[in-house]
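Only one chain is shown below, in structure tokens, and it's the form predicted alone.
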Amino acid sequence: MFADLHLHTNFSDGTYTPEELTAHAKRHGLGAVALTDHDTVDGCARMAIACEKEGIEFISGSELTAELNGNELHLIGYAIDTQNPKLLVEMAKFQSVRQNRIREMVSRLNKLNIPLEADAVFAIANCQSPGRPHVGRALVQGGFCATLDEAFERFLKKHRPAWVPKFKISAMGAIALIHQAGGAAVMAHPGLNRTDDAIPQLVAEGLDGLECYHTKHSPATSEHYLALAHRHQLLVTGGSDCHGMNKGKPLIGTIKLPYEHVRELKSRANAIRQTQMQPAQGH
């Protein structure tokens, strides 16, 4: 039995609904999946219902953008309590920042004489956690760019005229937030962020795992992170990082993580929850 533990829906910057994504997971013979939308758990309830209907095991999750020593990295919280009050309060803040970032991008486009309106982007996003792909799609729909690639190349990529930096929570803050919501904290696609130096520091702060298998990791990169995970006694996870049709072709089905890793992940999250539930030792 195989799993894909890194998937996005239209509740963040993916194009599939939770139900469509689940149907794809079923078609690819996946036995377990995790929904890891950016800065939101809004899609988890629907995905859980869809997975139950298809006989697929569902793991709740969310991908948080974090920062350590000036470097961006992404931390996924797995098996988190999607009703956790503190988590929801923090996510509402992240979402508000994301919405303001969209307004700032649109304002920069307007200064370039591109009459795009923020409302057009929010209408396409139709979620609380909008991102750059939604601006790209609005540029294509408005006839300002021919393709999503062109939108990113001309305007939205880092250091392009409409690029706006992302708000990032501290890596320590992200790990603490995930743990207090009863989840396990895993560094997503470490090979893309080139932050190997930070791993020992993150382990000391409670990092639980590394996403060793990812569509953009070569076999050598995966081996490298498997060795690091082994050295630091970290969980091993993997996922396709599927965003639906945003990246040209859907990536679901390209990464098949052996189920034993799901078992270990759930066991770690259970241990974290037990720790959270223990009353503080008072005198």
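So that there is no doubt, residue numbering starts at 1 and follows the sequence shown. What you see is a predicted model; the values in this text were computed from it and never measured.
What comes next is about the form predicted in complex with a small molecule, which does not appear here.
This chain is displayed without the small molecule, yet in the predicted complex the stretch 93 to 101 from 176 to 184, 203 to 211, 93 to 101, 119 to 127 comes within 4.5 Å of it by heavy atoms. Using a 4.5 angstroms threshold between heavy atoms, residue 152 counts as touching the small molecule in the predicted complex. Though the partner is left out of this view, residue 26 does not reach within 4.5 Å of the small molecule in the predicted complex, counting heavy atoms only. For the chain shown alone, residue 133 is a contact residue for the small molecule in the predicted complex, at least one non-hydrogen atom being within 4.5 angstroms. Of the heavy atoms in residue 148, some are within 4.5 Å of the small molecule in the predicted complex.
Exactly one listed residue, out of 243, 46, 217, 256, brings a non-hydrogen atom to within 4.5 Å of the small molecule in the predicted complex: 243.
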